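Next comes just one chain, in structure tokens: the form predicted alone.
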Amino acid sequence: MTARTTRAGSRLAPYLFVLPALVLFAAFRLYPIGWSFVLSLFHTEGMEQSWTGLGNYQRLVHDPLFWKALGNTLEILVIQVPVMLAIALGLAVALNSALLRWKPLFRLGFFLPVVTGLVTYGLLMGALLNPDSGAVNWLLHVLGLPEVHWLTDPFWAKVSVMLALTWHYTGYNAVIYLARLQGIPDEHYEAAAVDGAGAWRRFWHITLPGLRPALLLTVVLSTIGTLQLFDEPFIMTGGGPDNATTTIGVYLYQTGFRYFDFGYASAIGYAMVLIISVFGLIQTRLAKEED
């Protein structure tokens, strides 16, 4: 074996090691993405497909159910995400307090919902909030309060989904904030206290600026996750009642796997990607301007 062959083999070795991962990525990521775009250019009716070009995207613009699903998704995003992140921030500050005992136990307790499977916790929340046999209505009855039609009333069904999301993801975001809080030097708080700054001023001028990278991360991740929301509304309410909890993800699934209109479902998927990209860019740009 010549020295030239040895050098060529050394240069090719890294690519050979990476090749299996690239093949799998191309087969299970790139190919579905490309094929779904091709599908979005066809109209599907039964087993027949016909070329429609941008017809599915034009249909999307005039589809009232798509706009209903988008409105539901944005409503959950605007209401649930800020509430969840505010609670997570409060929990992180409390868990970081020197006055709190048994911190590992509390951290474990708040993080446990995150490791619960999406289907499992969706079924659990659906059972707890069942209007007829759920534990929540039983407790309200015991307390002498009126029962709530959690999953059968359009307003309360949406509230139920928001409660489920908040219960499941608050601990996850709190752990992210807590990790960042522990990186803020104690000397900053001590110096501020010496200068006469109260707890609120220390929180506003030291804690929040120190948490800015973590806040940006959780806002972006929560926004992306909410815009892709599917499991909770699908398992708990099936998108009902009266499409009150139909999100873009639920509508995409129903279009593709209930009505088998894969072309239109693919167009909905690409619309979702566009919306997520726009939100992500806006949030990133706003964060850079604040810096």
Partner chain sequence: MGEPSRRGFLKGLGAAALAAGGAGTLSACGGSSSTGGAVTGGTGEPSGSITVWSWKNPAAELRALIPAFNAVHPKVKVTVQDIGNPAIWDKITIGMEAGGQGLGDLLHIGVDYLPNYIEKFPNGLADLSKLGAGQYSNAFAPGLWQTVSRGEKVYALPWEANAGSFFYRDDLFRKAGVDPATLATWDDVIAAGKKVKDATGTALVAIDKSASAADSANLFQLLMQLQGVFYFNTDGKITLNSPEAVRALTLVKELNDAGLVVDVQGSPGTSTYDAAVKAGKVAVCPDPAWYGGYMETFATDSSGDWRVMLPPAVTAGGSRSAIVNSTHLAVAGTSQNQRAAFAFAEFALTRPESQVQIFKDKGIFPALLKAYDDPVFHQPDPFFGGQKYAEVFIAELSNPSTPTNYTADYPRALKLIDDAQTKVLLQGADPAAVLKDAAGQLAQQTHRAQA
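Positions refer to the first chain, counted from 1. Since the model is a prediction, treat every value here as computed from it, not as a measurement.
Same protein, other form: the form predicted together with the partner chain, not shown, and the subject of what follows.
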- Message: Just to confirm the contact call: exactly one of 199-207, 160-168, 113-121, 90-98 touches the partner chain in the predicted complex at a 4.5 Å heavy atom cutoff, so which is it?
- Response: 113-121
- Query: Using 4.5 Å between non-hydrogen atoms, is residue 235 touching the partner chain in the predicted complex?
  - Reply: yes
- Query: Heavy atoms within 4.5 Å of the partner chain in the predicted complex: does residue 26 have any?
  - Reply: no
- Is residue 82 a contact residue for the partner chain in the predicted complex, using a 4.5 Å heavy atom cut-off? no
- Are any of the heavy atoms in residue 41 no more than 4.5 Å from a heavy atom of the partner chain in the predicted complex? no
- Of 244-268, which residues get within 4.5 Å of the partner chain in the predicted complex if you count heavy atoms? 249, 252, 253, 254, 257, 258, 259, 260, 261, 262, 265, 266
